[in-house]
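As a starting point, one isolated chain is supplied in structure tokens, in the form predicted on its own.
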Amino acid sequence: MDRTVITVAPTGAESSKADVPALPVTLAELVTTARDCAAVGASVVHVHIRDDEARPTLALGRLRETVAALRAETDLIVQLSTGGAVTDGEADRLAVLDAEPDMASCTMGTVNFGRDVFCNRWDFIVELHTRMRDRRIVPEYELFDLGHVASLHRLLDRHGLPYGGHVHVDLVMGVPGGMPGTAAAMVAAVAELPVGATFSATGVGRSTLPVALAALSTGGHLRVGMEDSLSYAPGRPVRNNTELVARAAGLARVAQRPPMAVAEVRALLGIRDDSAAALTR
């Protein structure tokens, strides 16, 4: 890879607006954030949404409104989270696909998530993978641990390739309960990925920079954002998502792998073009 896909995850489901005033939780805040991040190098936006009280929600009407607004105001690839919050049920998580995003996440196994448990049963994973293919939605397989890499092989062997024919994963590193955010863990995970797969890497908290640098040095792509990190440097909170994307883009340029244009990312990942998307609506 001579260019870098940069995904921004601006909100997440864990932090509260009261504790993090800069967190984009309204539709207007999210659209402005997405537009600003696109201007400095992001090509994909990984979306969680909030309700009127800024609480995490998977309300389908809001999801559809969000997808439509992001498409109208940006050219970013819209990737919805099917993880939601750890308390969300499987039916609501599957219904996320009804909002018809370009991409959606597909987590490849259960993992301890701090004090909570993020549950992903095998049958649920298979259903999510199959529904995405039927609806022409490209998955990003989220891998929180090395065992999830083995689950990915099992899924593809038994149930075939995703829509678009290309396998793209996100290594989520540094979550308490998952794999550590270290170069050694990344090398171990990347060595076991399916042949031809591409990967992004997410470094949670203090692992943000080590993971980003390791990903760039091993041919990977980057995911950054306030979902994953609220500190820009020791003692200095993140001001906004744009500065995290700008830093990631700067690191990519230093590595001589500048940010990839959105059209190139669509072609790389096998995402349907606008005319094909219109046929599904």
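In this text, residue numbers run from 1 along the sequence as written. Model, not experiment: these values are computed from the prediction.
The discussion below concerns the form predicted in complex with a small molecule, not included here.
Query raised in the report: Which of these residues, A85, L97, V204, L193, gets a heavy atom within 4.5 Å of the small molecule in the model of the complex?
Result: Residue within 4.5 Å of the partner: A85.
**Report entry** Within 4.5 Å of the small molecule in the model of the complex, all of D102, H168 and L269 (non-hydrogen atom)
**Finding:** Looking in the model of the complex, the three residues D102, H168 and L269 all stay beyond 4.5 Å of the small molecule (heavy atoms).
Query raised in the report: Counting only non-hydrogen atoms, which stretch in 176-184, 194-202, 85-93, 146-154 is within 4.5 Å of the small molecule in the model of the complex?
Result: Answer to the contact question: 85-93.
Query raised in the report: Does any heavy atom of F118 come within 4.5 Å of a heavy atom of the small molecule in the model of the complex?
Result: Yes - in the model of the complex, heavy atoms of F118 and the small molecule come within 4.5 Å of each other.
Query raised in the report: Does at least one non-hydrogen atom of T208 fall within 4.5 angstroms of the small molecule in the model of the complex?
Result: Heavy-atom contact with the small molecule at 4.5 Å: absent for T208.
Query - in the model of the complex, H48 touching the small molecule (heavy atom, 4.5 Å) - result: The answer is yes: H48 has a heavy atom within 4.5 Å of the small molecule.
**Report entry** Contact label in the model of the complex: Y163 to the small molecule, heavy atom within 4.5 Å
**Finding:** The answer is no: Y163 has no heavy atom within 4.5 Å of the small molecule.
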